[in-house]
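Starting off, we have a lone chain in the form predicted on its own, written out as structure tokens.
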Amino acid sequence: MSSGSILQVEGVHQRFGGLLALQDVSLSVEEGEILGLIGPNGAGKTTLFNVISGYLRPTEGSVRFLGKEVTGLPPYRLAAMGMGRTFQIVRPFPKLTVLENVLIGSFLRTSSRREAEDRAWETLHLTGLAPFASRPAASLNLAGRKRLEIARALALNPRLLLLDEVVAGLNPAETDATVKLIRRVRDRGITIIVVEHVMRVIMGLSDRVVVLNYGRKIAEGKPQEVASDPAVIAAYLGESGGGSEGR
């Protein structure tokens, strides 16, 4: 892992009317690491992803990416800077082929069709989707669509990749294959933040883990340290009070 923070989140609050969904959340992500972001349902994980990736402007606080203030910048600007993300609900362009879905993202970096196709094919081979390149995206099973979601984000040639529940709904073999893919992506020098409810995935993948509960950061550290933290155990057993917010 190389030294230096690629992302800094400082004192972020996110309010929706009378609901405070994020409360004074701060974290940093070191270049080259995998950071796990966990918490019970309603913890604020996806809200934080939306703030980081420009889908929400925080009520208070700041986001810095690659040393630059990016708070409130739109997603397309952040994508052009090198930030990619996936979404919990995968929605490829169903009538386009798998290759065409990935090709769309490749054009962010170049106007040359040849260069875009080369990038798209490289991404398809990395994600194991090359054999399905000419098939409609709608023909893929859930595991295939999740891989396509990752491939579309990788086609942007990101420095930082935000993965939102990419193994949810997968069987053990599909989960293991996706974990191996995430490791291959990191080995290519891409920094990753991953939100996931499957604890064996988070604990096996992450260099560090940040835990949210009801919009607050309650723990941060190595996976084994976080797993034995009394506050984290209490949060997952439902012993902590608070509000409600979607994942």
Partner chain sequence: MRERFKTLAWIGAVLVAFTLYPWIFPTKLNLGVVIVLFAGMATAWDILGGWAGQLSLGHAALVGIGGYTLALLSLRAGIPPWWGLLAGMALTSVVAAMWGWIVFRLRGPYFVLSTIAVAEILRLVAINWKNLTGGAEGLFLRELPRPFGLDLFDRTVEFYLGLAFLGIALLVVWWLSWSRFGYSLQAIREDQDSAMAMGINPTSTKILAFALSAALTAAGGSLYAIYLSFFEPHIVLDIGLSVELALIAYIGGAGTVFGPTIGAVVLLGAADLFRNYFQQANLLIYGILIILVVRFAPEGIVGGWHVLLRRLTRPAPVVPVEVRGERP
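Here the structure is a predicted model, which means the values were calculated and not measured. Residue numbers count along the first chain shown, from 1.
Below, we turn to the form predicted together with the partner chain, even though it does not appear here.
- The shortest heavy atom separation between R85 and the partner chain in the predicted complex is within 4.5 Å.
- Taking non-hydrogen atoms only, R188 approaches the partner chain to within 4.5 angstroms in the predicted complex.
- For the chain shown alone, R159 is not a contact residue for the partner chain in the predicted complex, no non-hydrogen atom being within 4.5 angstroms.
- Of the heavy atoms in R184, some are within 4.5 Å of the partner chain in the predicted complex.
- Residues S5, K45 and K68 are none of them found to lie within 4.5 Å of the partner chain in the predicted complex, as judged by heavy atom distances.
- Along 75 to 110, these residues reach a heavy atom to within 4.5 Å of the partner chain in the predicted complex: P75, Y76, A79, R85, F87, R91, F93, P94, K95, L96, E100, L103, I104, G105, F107, L108, T110.
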